[in-house]
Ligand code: NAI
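Here we start with a single chain on its own, the form predicted alone, put down as structure tokens.
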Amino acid sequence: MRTVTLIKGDGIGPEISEAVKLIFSRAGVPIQWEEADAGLGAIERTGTGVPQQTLDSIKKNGVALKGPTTTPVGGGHKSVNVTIRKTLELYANVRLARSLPAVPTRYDGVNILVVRENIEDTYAGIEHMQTPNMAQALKIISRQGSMAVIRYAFEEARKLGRKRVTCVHKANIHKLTDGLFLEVFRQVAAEYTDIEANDIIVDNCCMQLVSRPEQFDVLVLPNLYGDIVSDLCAGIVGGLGVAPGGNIGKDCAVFEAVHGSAPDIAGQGLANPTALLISSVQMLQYMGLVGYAEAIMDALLQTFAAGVKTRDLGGSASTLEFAEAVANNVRHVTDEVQPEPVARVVHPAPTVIEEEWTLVGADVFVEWNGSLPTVPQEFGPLVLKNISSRGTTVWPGEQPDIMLVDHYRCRYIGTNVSNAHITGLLNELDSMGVRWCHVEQLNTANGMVRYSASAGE
């Protein structure tokens, strides 16, 4: 008997959680529930959306099922989902988009597994106001984080008998960040010769998804694209009400409904438990309880085929009536082998790449109200090569007729550059009354640049 942490959540969360508990009980699934607190109710009771006791429960049990939670707008409270994912380092978000019988959509035969990196990218949440009129967010992509999620995608494809893994990216524009993700994908793909591997630019992927979604098998994506594409895939198969989700880490996993808490219909028996139920099926597969997972999924499909649906899908069944119908269709599982506790598969991070970098300059971002900032043309070995605004070159050459803001990037390049030269340049800007707000070193290694091209280069 395994213990699983259950977070019922807010709004309709308790109702759909009870529906899943009913079906599991009727199916005889050999687990017991340990309830934990999170969400809006937890904030009201404990002052935090994710109490430490909840995190401790997930760590102890290794597996959790989570209903939808509400994070208040404003007030400084962090997203419950983001907090859990980051604190427990649940690096892979796994979403299945599968056509279901009696769920009318424009498409048939869709069966896409979306594996989204879950920690990094712009979701690292590193943002700054550079000037009163310019905001900046840092897009963080690491070799180690990319390796973990991409290797997980290939392992899942192999385990589930899927034939192809597609990397979705924007490396034609984000040449270093998405370029690194794509580079790691190709390195990992070379190890899985039994699985076809290809890549596609994210905008083309979205177009292809609404044209011929059946062509895709497994998609692996950085965080932001994965967030968008996974919801697009959910819409293709009927919406978030039938979309399951799992968050996988090195030591534990949290499975969840990805839709909202719908407080407007809470307590009315109108909620659809399908998304949380399919998430619980994924959870059983993760735990090795494959026979029970198949029995419950078959019962759900049989229920849909019989025309028993909740109102959001065009039916008339209440939450409880739908759960009872699924429970009544669950076949008895007699041949399930009780699994050992879930083996913690640790995908090794890549060997840290060490390069001898040569400092060749700096990008200095300055605040300036006017057409062109007055900055030094030279400072020691540093020579001003380019000034850009919002990614467009404004110097050298004829200044383009564009909308200018109070934020400019000044690129300085030189030879035999040291950190002292860069700090000296910053001091010089201070003495001139020019406010610098951000600086990035520019380096080369083995004759290759380790920074993006300046606008216009």
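The shown structure was predicted, so the numbers you read here are calculated from the model rather than taken from an experiment. The first residue of the sequence shown is number 1, and the count goes up from there. Only the largest set of C-alpha atoms that superpose within 1.5 Å between the two forms is called the rigid core.
Omitted here: the form predicted in complex with this ligand. The next part is about that form.
S.K.: Heavy atom to heavy atom, is G307 within 4.5 Å of this ligand in the predicted bound form?
M.R.: Residue-level check for G307: no, no contact with this ligand.
S.K.: Using a 4.5 Å heavy atom cut-off, state whether G260 contacts this ligand in the predicted bound form.
M.R.: Yes, contact at 4.5 Å.
S.K.: Taking any heavy atom pair closer than or equal to 4.5 Å as contact, tell me whether S388 reaches this ligand in the predicted bound form.
M.R.: S388 lies outside the contact set for this ligand.
S.K.: Quick check on T70: any heavy atom within 4.5 Å of this ligand in the predicted bound form?
M.R.: Yes.
S.K.: Counting only non-hydrogen atoms, which stretch in 264-272, 213-221, 157-165, 93-101 is within 4.5 Å of this ligand in the predicted bound form?
M.R.: Residues of 264-272 come within 4.5 Å of the partner.
S.K.: Which one of N81, S279, T177, T303 is close to this ligand in the predicted bound form, taking close to mean a heavy atom within 4.5 Å?
M.R.: Spelling it out, the residue with a heavy atom inside the cut-off is N81.
S.K.: Can you pick out, from D231, D312, E324, E89, the residue that has a heavy atom within 4.5 Å of this ligand in the predicted bound form?
M.R.: By the 4.5 Å criterion, the partner-contacting residue is D312.
S.K.: Is there a C-alpha shift of 2 Å or more at I200 between the shown form and the other one once the rigid core is superposed?
M.R.: Not so; I200 is displaced by less than 2 Å.
S.K.: Is I265 one of the residues whose C-alpha moves 2 Å or more between the shown form and the other one after the core fit?
M.R.: For I265, whose C-alpha is compared between the shown form and the other one after core superposition, the shift is 2 Å or more.
S.K.: 2 Å or more on the CA of L442 between the shown form and the other one, with the rigid core superposed, yes or no?
M.R.: No.
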